[in-house]
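In the form predicted on its own, a lone chain appears below as structure tokens.
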């Protein structure tokens, strides 16, 4: 308790699991972080992922500074389309309030999420995002090419992955399915 109070007064960033009580703050983070043409779509996705129940569960993390949420990230399970078995997780969305961007918040969220997934022995971690940003964490296009997303990609160069903590590798590209919140063609 003493540490928590000190952290609140010093304004240090703290990463924690998100709860449904964080929904409105998470929505606002995504609305502020994304361009107008996609902000509502991504904010809705973030909130849907916060409420959706899956097995294994979706990892939702927030960064807070003082009593204010400044960042959010979600990692949700992906399954083999043919077998329904767990293949890994997909990172997304990730957002940081503009006032806190370029201060390491996104980096802390990604690294904490990857650490949590390592404890779960996740097979692969996929992302559909900016290669210039995600490559610094080890995401590579060659890894993601082994997995066929549920819908055609508008920007195929953004499909990337990290070989996770399970050594199984697929020779032929493996079609995957995502959680319900990601099962919308407009997100791809």
Ligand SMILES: CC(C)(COP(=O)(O)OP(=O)(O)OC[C@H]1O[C@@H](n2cnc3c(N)ncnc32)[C@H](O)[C@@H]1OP(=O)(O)O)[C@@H](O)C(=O)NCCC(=O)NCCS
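If you're wondering where the values come from, they're calculated on a predicted model, not measured in any experiment. Numbering follows the first chain given and starts at 1.
One more form of this protein, predicted in complex with the named molecule, exists but is not displayed; see below.
Trainee: Heavy atom to heavy atom, is residue 105 within 4.5 Å of the named molecule in the predicted complex?
Mentor: So residue 105 counts as contacting the named molecule.
Trainee: Tell me, yes or no, whether residue 40 is in contact with the named molecule in the predicted complex, where a contact means a heavy atom of each within 4.5 Å.
Mentor: Taking the distances in the predicted complex, the answer for residue 40 is no, it never comes within 4.5 Å of the named molecule.
Trainee: Mark residue 136 yes when one of its heavy atoms lies within 4.5 Å of a heavy atom of the named molecule in the predicted complex, and no otherwise.
Mentor: It does: once the named molecule is placed as it appears in the predicted complex, residue 136 has a heavy atom within 4.5 Å of it.
Trainee: Please run the contact check for residue 95 against the named molecule in the predicted complex: heavy atoms, 4.5 angstroms, yes or no?
Mentor: The answer is yes: residue 95 has a heavy atom within 4.5 Å of the named molecule.
Trainee: Which residue among 61, 45, 33, 162 has a heavy atom within 4.5 angstroms of the named molecule in the predicted complex?
Mentor: None of the other options qualify; the answer is 33.
Trainee: At 4.5 Å between heavy atoms, only one of the stretches 115 to 123, 49 to 57, 145 to 153, 128 to 136 reaches the named molecule in the predicted complex; which one is it?
Mentor: It is the stretch 128 to 136.
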